[in-house]
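We begin with a single chain expressed as C-alpha cells, specifically the form predicted alone.
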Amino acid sequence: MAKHKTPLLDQLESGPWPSFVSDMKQEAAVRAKNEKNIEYQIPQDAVEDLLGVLELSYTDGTTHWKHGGIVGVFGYGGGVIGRYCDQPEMFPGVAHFHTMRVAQPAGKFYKTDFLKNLCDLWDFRGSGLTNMHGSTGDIILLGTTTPQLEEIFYELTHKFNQDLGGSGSNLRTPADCIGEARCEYACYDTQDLCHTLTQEYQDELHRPAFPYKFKFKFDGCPNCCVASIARSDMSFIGTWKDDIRIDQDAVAGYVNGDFPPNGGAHAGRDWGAFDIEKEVVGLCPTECMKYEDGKLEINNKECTRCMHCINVMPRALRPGKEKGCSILCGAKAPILDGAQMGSLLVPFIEVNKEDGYAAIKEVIEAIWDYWMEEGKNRERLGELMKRQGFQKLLEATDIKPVPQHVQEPRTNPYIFWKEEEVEGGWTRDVNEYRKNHLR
C-alpha cells in the first residue's frame, strides 16, 4: 500500500502517454519489496517520500525544495546539485536528495554493460531514479544523500572511467548530435569536437570561475537536432560554403513518384502525388529555387541552408563538399530579459582535426576573456551582448563585420561614426565644409 495519497499525481497517469509518475511508483514498489536483497545506502522509502513531496508541491502551488548551497566532492566545484526538502519531518526519506550530473559520452553511445553497472550503482547508493538525458545533456542521477557523494564519485572515476558533469557558474557538460557516426547530413565530426573540447576544458568545467553558466552544443548540420541555436551560449552548426549537389535523375525520380519524399517518413499515410512546386520550390524561404523543363535550379548565393529541400529529397540533393561549421553566440532561456536565440558570429570556419581545432579554440578563449572581464555576476553571454552590443563582441574576438552579421536592414538614420572608422578623413572634410560654406 502506498505511503502517501497522491490524487493529483494519479491524474497524470490517465493520459494516453507514458507517465513519469508510473515509473516512480514502480521504483517505489521495487524498493519497498527489495526482492533483490539490496543493502540500500539511502532511506528505502526515499522514492515514496519523493512522490509525497511532489503531491504537496502540486497542492500548494509552490516548491518544497530548498537551494542546496555548496555540496559536492573534494576538489570539484561542479557536478553535484544540492537538494534539501523544506518538510524533512513529513518526508524524512528526502530530507536531502542531491542530484548528480555525470558527463555523457559523445553522441550518447553506450555499451549495455556500462548502463547495467551504472543502474546497479545507483540502486545501491541512490534512489534508482535516473534521467537519460536531462535538458543539459548529462546522465542525471536523481537523489542521494551527502555521505554517498564521495563514494559514488570514487566508483564512477575508478570503476567506470566516467567523470562528473558541469553545474554552477562554469562550463556545463558539452553535448552533441550523433553526427557522422550515423547521419548522412553531418558536415563535421561532432563527436570528436565535443570530446576534444570536453577534455581540453576540464578545469573550466569543474572549477567555477565564470560570471555564470556557459554551454557548448554541437549540431552536425542546420537541422539542429540538439537545438544548439536555442540552448547554448556557443553553438556550432555544421554547414557548407559551396553549392548544394543536385542529382537531376533523382529529382525526376521524386517527381515521377519513384521515391517517397521525406525519406519515406510518412509512408503510413497517403499524402497524394508528390508536387515539387508546392512541397519544395514554393516553401523555399528565400525563393532561390526553380523547376523548369524537368530541371531543378538553385541560386546558391541566396540559399540560407535551411535544409528543407534536402530533407524532402535526400536522394536528389546533398550538402556541398566544402564543409565546416558556423559559430553562433548568446542563446539562453528566459530567466532575465526573455529567451534569446544565438547570433551568428563566425559564418564559416573549418573544423580541422589535424591541428587540434586551434582556430575554434582561439574564438572560444577570446569570448571567455571578454565575458569574464565585462560580464556582471550571473550575467549570461547573451545578456552581455544585449547590454553592450554585438559590435563589442566582434571587437573582442577581432572578427571583421560582414553582411551575414546584419540581422535586419538599418532603420535608424542617426548613425554616429568614429573618426578612425571613416576612410579618407570624411568626417574632417565634412566639418571643414560646414565651417567654410554653411552660415
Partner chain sequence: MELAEAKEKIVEALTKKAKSKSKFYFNDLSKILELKPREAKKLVNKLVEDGVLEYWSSGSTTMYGLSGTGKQAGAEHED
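Positions refer to the first chain, counted from 1. For clarity, every value in this text was computed on a predicted model and none was experimentally measured.
As for the form predicted in complex with its partner chain, it is not shown, yet the points below apply to it.
*Asks:* State yes or no: in the predicted bound form, is some non-hydrogen atom of Glu365 no more than 4.5 angstroms from a non-hydrogen atom of its partner chain?
*Replies:* Yes.
*Asks:* Looking in the predicted bound form, any heavy atom of Asp243 within 4.5 Å of its partner chain?
*Replies:* Contact check for Asp243: no, nothing within 4.5 Å of its partner chain in the predicted bound form.
*Asks:* Is there a heavy atom of His67 lying 4.5 Å or less from a heavy atom of its partner chain in the predicted bound form?
*Replies:* Output for His67 is yes: heavy atoms within 4.5 Å of its partner chain.
*Asks:* So in the predicted bound form, does Asp369 come within 4.5 Å of its partner chain, heavy atom to heavy atom?
*Replies:* Asp369: yes, in contact with its partner chain in the predicted bound form.
*Asks:* Though its partner chain is not shown, can you say which of Gly77, Pro347, Gly320, Gly253 has a heavy atom within 4.5 Å of it in the predicted bound form?
*Replies:* None of the other options qualify; the answer is Gly77.
*Asks:* Check Phe236, Ile399 and Val402: does every one of them have a heavy atom within 4.5 Å of its partner chain in the predicted bound form?
*Replies:* No: no residue has a heavy atom within 4.5 Å of the partner.
*Asks:* Going by its partner chain in the predicted bound form, which residues of 345-384 come within 4.5 Å of it through any heavy atom?
*Replies:* Heavy-atom contacts to its partner chain in the predicted bound form: Glu365, Trp368, Asp369, Met372, Glu373, Gly375, Lys376, Asn377, Arg378.
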